[in-house]
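Just the one chain here, laid out as structure tokens, in the form predicted alone.
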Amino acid sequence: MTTNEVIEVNNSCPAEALLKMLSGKWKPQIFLRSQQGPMRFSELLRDLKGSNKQSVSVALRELEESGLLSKATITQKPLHIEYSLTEKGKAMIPIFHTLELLTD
């Protein structure tokens, strides 16, 4: 292969799609935390030691865009937002746990 050749990425590869959805700062930790049930933004910031509002916000938005998390506004007093796994996210739990086992 010469230096001018471009390697084409196989966009239909499920493993590549999974890695893209969960790669990035804080995404794996947020995904793991979301398996415990709905979570508030402030809970995430407290749980993710060393994180900041901006990086957690970006990770949450990207997980929403990939369809793994949903965002709900809870109108109880005080008004708050909760994030939880979607059906697509729940379907990925066994895959994520398999990846964890491979790294042990």
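Predicted model, so just to flag it, every value in this text is computed and none were measured. Numbers for residues come from their place in the sequence shown, where the first is 1.
The form predicted in complex with the DNA exists for this protein as well; it is not shown, and the discussion that follows is about that form.
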| query | finding |
| --- | --- |
| Answer option from Q35, S66, S55, S70, heavy atom within 4.5 Å of the DNA in the model of the complex | S55 |
| Partner contact for M21 in the model of the complex: the DNA, 4.5 angstroms, heavy atom | no |
| Non-hydrogen atom contact S42 with the DNA in the model of the complex at 4.5 angstroms | yes |
| Partner proximity in the model of the complex: I81 to the DNA, non-hydrogen atom cutoff 4.5 Å | yes |
| Proximity of W26 to the DNA in the model of the complex, heavy atoms at 4.5 Å | yes |
